[in-house]
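A lone chain, given as structure tokens: the form predicted alone.
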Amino acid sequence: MPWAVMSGYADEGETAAGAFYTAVDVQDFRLRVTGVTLSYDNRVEVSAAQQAFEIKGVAGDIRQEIFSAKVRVAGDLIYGSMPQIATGVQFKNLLDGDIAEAVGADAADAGMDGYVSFTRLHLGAVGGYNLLWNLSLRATKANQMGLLGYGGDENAGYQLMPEASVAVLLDNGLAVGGEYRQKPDNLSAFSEDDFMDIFIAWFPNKQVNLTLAWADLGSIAGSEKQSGLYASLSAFFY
């Protein structure tokens, strides 16, 4: 889920580039995501990613491209009375839309999400440790993040969905926390559940971070109780 902070550590007048790889493995499915990010001036960020969604035991992946842009519009992560606020868009291109069309998606090729995010860091707020939280409101009609198309027979229009994260920053570059993402339920063929996870993140330095999580994804395309390991590795270059 998006945050109001920019990727990397670029300050005023600086540029930061990064790359990431994420994998999620649950009972019946596997998701792999690769992507790159570029931010400038601690103000704007653009990114591109490709998702490959594997149905275990079935040949071929469902692939989706995502192109994103984000702008910081107000506030500050630490100082002042207002949290940092950013707004962004995600353009999604579904490369393999046959399944989306078969399950009744209103659109099986492309869609767009828009969002606004609020992020704040509270110094020493939890037993002397720093507390970081994020709240995003996403306008979307994506089914399973767009992997099953966009809109459906139950609802074809945009809905506003909340997403929330909270983390406590511990010593030695560690953070622990949890996330919750509400999702629309547009298809009568399948019910769609919200996503949630608990995670631990390790930052050995400013260039690299590794996140491990236990993710509960609920029901996906009729397969119930999908939960399992989430892992993500990111690297940043100035």
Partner chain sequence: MLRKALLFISLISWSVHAHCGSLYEDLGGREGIATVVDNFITEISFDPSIYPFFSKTNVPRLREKLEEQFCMLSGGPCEYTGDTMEKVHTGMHISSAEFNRTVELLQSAMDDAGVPFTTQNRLIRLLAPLREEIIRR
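Numbering follows the first chain given and starts at 1. What you see is a predicted model; the values in this text were computed from it and never measured.
The following text describes the form predicted together with its partner chain, which does not appear among the structures shown.
Under a 4.5 angstroms non-hydrogen atom cutoff, its partner chain in the model of the complex has residue 169 among its neighbouring residues. By the criterion of a heavy atom within 4.5 Å, residue 125 is counted among the residues contacting its partner chain in the model of the complex. Put simply, residue 93 is far from its partner chain in the model of the complex: not one heavy atom of it is within 4.5 Å. For residue 76, a non-hydrogen atom is located within 4.5 Å of its partner chain in the model of the complex, even though that partner is not displayed. In plain terms, the part of the chain that comes close to its partner chain in the model of the complex, with a heavy atom within 4.5 Å, is 127 to 135 out of 83 to 91, 127 to 135, 99 to 107, 154 to 162. When contacts are defined as a non-hydrogen atom within 4.5 Å, all of 11, 14 and 206 contact its partner chain in the model of the complex.
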